[in-house]
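Okay, here we've got a single chain as structure tokens, the form predicted on its own, with questions on binding and movement later.
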Amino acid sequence: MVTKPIEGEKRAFMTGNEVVAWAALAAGADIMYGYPITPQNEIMHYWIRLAPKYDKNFLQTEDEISAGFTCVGGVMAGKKAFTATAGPGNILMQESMTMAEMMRIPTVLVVCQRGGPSTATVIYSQQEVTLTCFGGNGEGFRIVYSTSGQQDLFDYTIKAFNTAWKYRFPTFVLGDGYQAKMRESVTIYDPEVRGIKMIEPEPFVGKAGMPALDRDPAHYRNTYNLEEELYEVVTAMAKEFEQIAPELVEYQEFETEDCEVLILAHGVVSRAVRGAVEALRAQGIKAGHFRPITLRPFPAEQLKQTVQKAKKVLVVESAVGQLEKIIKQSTYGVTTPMTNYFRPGEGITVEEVVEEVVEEVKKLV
């Protein structure tokens, strides 16, 4: 009888979508709610194939609106539930995620970014940053991890379940079409062997005992009739989000100690940037790289300190400034000149970043 999806640690050669399914199993997810959309489909396919072996469940819904809300319902019933989507599906799930935000329901949503606007392409982009970080009609109190490859997808999918259940804010794992479809080496593991204790889910409704007699009533609201009531709730939520942000922010720095040209990128693009930094250093150009891992909350203070040390900043992304907007807001008041290299919906290579930095360095002379 199989007891655990993964025993100990193992090396594997997987696509990103396979990795997400295995990570969700390793994290102890009970059920996935989903609706097909490229490039996310295989998360569903692999989950459907694997889940019955470990007594887990899957529900295909009639659309992404339903997938989001059934995910919320599953969590309220005490299940460790998750969903996954892309592009237009991400748009349709924003209503349920804002409800989860208001009701503090620990949903986990994996996003495989594709090109937009509208249906656009089914391939790849970094154009769902704004939507994922700030979508919906609220304030965007949510946690967003930006992944750069298969190991990140495994690590942060597991982490997302604990983050969601600990802080009770909707938690997103932001991948993309490249990561979803490409295959590379990854170490998969049972969280216990690394000392990671997974938080056990508990029901929000249907609890034992009589409300008001044996326990406090379970009353979760997403509707407020008075402006003053809403103001009080949202203000308290904003204060709590600000307080927990230092515990949540994650980032990586590469060769930033003495860098003159600082390159900012997130997700899979950061891999090209890291390669470019190595190539530029070989040419004698002092380049460095800062990669935000949490896009929401954003490591603003850490980035600000690093940007201040550089002579020039280059923002590189497969979008038209969705990351750059967050960076500019976070580094407001810093005078280091900033430029950008945008390739919306296209991959970015090491050579392109090197060429762009060399041109910028010429302007510094």
Partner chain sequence: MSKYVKIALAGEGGQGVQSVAAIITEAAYDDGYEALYIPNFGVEQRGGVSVAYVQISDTAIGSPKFKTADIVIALSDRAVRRTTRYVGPQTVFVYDDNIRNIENDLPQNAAKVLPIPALKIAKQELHPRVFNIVIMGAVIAATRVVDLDKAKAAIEKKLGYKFEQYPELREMNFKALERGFELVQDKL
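Positions refer to the first chain, counted from 1. In this text, all values refer to a predicted model and were calculated from it rather than measured experimentally.
Absent from the display: the form predicted in complex with its partner chain. The rest refers to it.
Undergrad: So in the predicted complex, does E184 come within 4.5 Å of its partner chain, heavy atom to heavy atom?
TA: Yes.
Undergrad: Any of the heavy atoms of E9 lying within 4.5 Å of its partner chain in the predicted complex?
TA: E9: no, not in contact with its partner chain in the predicted complex.
Undergrad: Does any heavy atom of Y178 come within 4.5 Å of a heavy atom of its partner chain in the predicted complex?
TA: Output for Y178 is yes: heavy atoms within 4.5 Å of its partner chain.
Undergrad: Is the gap between I123 and its partner chain in the predicted complex 4.5 Å or less for some heavy atom pair?
TA: The answer is yes: I123 has a heavy atom within 4.5 Å of its partner chain.
Undergrad: Which of I293, V72, C133, A272 has a heavy atom within 4.5 Å of its partner chain in the predicted complex?
TA: Result of the distance check: A272.
Undergrad: Quick one: which of 90 to 98, 242 to 250, 184 to 192, 214 to 222 gets within 4.5 Å of its partner chain in the predicted complex, going by heavy atoms?
TA: Heavy-atom contact with the partner occurs in 184 to 192.
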